[in-house]
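The form predicted alone is given below as one chain in structure tokens.
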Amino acid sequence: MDAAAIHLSRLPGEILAIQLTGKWQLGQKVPSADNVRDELRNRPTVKSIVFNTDALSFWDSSILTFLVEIMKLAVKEGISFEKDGLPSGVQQLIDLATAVPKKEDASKSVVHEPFFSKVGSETIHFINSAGELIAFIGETFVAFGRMINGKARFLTSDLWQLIQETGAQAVPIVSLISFLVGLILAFVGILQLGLFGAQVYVADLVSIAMVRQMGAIMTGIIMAGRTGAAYAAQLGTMQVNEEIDALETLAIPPMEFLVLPRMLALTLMMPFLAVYADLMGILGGALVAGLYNISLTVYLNRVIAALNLYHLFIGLFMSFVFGVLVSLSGCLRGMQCGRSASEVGDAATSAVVTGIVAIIVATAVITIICNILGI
């Protein structure tokens, strides 16, 4: 077996020729780059390094290690590295080993955009986003219409699993937050009502606030951070993995197979979670009332007297609207996700922000309408 070896020679024009001979094989002793380094030190006038591989009988990745070291020496000394004399396979491996992907943001610099230009850009972006939102809502209504006609294609097992994830699995966090909100409302209310000797009316304050608005609002915010972000991350990951493209290739509409069951699950479970949140908030208020010597019987009687069906229906309607808004925000941001891992995180963050903003705006609109209608 021919051992791997190198032979150095100097050609006219200050060129150092390196001849590679024998078999370059892993597990065998191969020459190091020290001889070439010493040669370059002895001949500082060398301007170029060329190769001759006519006597090279076999090679593997061991030769690549040697050549990369020579390249580093050439770059350090400012010498031209000519790889034309190497086998084509070696040249391709060198190109692959030394390839550095372009960093997209490397050439970015801070650009101070004029004020009116920035306003125009933001306006165009807002208009485009509004158009995408309207188109998404339209596709959702079409998918819902197909479901009513029995033509929508999605797995019933997926729907039941999503109902469990958005319903039963959300009960612990809804219980904790709603109980604490009711407790806080009772503390704030009873301290102020105590100035007039009307502590008993804390039951009216807590029950009306929780049933009419706070139960639905807090449940909506919880689900925006918990479920809305999860929807965006799930659909965004599918975008990155090209699973949604695969569904479209198979003629399966993603709106029906992915978005519709998620929106149905959250929209159906939100009223139930809101009612449960109302009960937990009222119990939190009862705990505070007990600390101030208000009996549970008196507290519950005041709750029953204060509440009516208008308060309950308004709270249920708000929770239903919040379910639609949160699921719509999560699915929309997930479907808009880009093709990189960082885009998935951005989509989840955007889904939470969009969902919470939509909840606050919807609460203001519904409250104003209820005041106008006198209910």
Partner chain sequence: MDKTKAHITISDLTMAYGDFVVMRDLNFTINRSDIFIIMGGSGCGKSTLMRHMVGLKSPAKGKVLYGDVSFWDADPEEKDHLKRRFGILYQSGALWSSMTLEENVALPLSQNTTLSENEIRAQVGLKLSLVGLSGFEGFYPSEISGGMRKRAGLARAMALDPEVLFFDEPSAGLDPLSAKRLDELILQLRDSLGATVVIVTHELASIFAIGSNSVFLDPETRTMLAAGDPNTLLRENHDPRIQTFLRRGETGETQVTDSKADAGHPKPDNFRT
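Superpose the two forms; the largest set of C-alphas matching within 1.5 Å is the rigid core. These figures come from a predicted structure and were not determined experimentally. Positions refer to the first chain, counted from 1.
Quick note: we don't show the form predicted in complex with its partner chain, though the next part is all about it.
Given that the partner is absent here, does Gln25 sit within 4.5 Å of its partner chain in the model of the complex, heavy atoms only? Gln25: contacts its partner chain in the model of the complex.
With the cut-off set at 4.5 Å between non-hydrogen atoms, does Val75 touch its partner chain in the model of the complex? No, Val75 is distant from the partner.
is_contact(Glu69, its partner chain) in the model of the complex, heavy atom dist at most 4.5 Å: No.
Contact with its partner chain in the model of the complex for Lys118, defined as at least one heavy atom pair within 4.5 Å: yes or no? Outside the cut-off, so no.
Thinking of Leu56, Gly89 and Glu243 as one candidate spot, does its partner chain come within 4.5 Å of a heavy atom in every one of them in the model of the complex? Yes, each of Leu56, Gly89 and Glu243 comes within 4.5 Å of its partner chain in the model of the complex.
Give me the residue from Ser61, Ser48, Thr349, Ser32 that has a heavy atom within 4.5 Å of its partner chain in the model of the complex. Answer to the contact question: Ser61.
Heavy atom within 4.5 Å of its partner chain in the model of the complex: which of Leu93, Leu283, Ala233, Ala170? Residue within 4.5 Å of the partner: Leu93.
At 4.5 Å between heavy atoms, only one of the stretches 203 to 211, 246 to 254, 289 to 297, 186 to 194 reaches its partner chain in the model of the complex; which one is it? Result for this chain: 246 to 254.
For the heavy atom contacts within 4.5 Å of its partner chain in the model of the complex, list the residues of 346 to 373 involved, in sequence order. Not one residue comes within 4.5 Å of the partner.
After superposing the rigid core, is the C-alpha displacement of Gly194 2 Å or more between the shown form and the other one? Stays below the 2 Å threshold, so no.
Any chance the CA of Pro253 moves 2 angstroms or more between the shown form and the other one, core superposed? No; Pro253 is a residue whose C-alpha shifts by less than 2 Å between the shown form and the other one when the cores are overlaid.
For Lys83, does the CA position differ by 2 Å or more between the shown form and the other one when the superposition is done on the rigid core? Yes.
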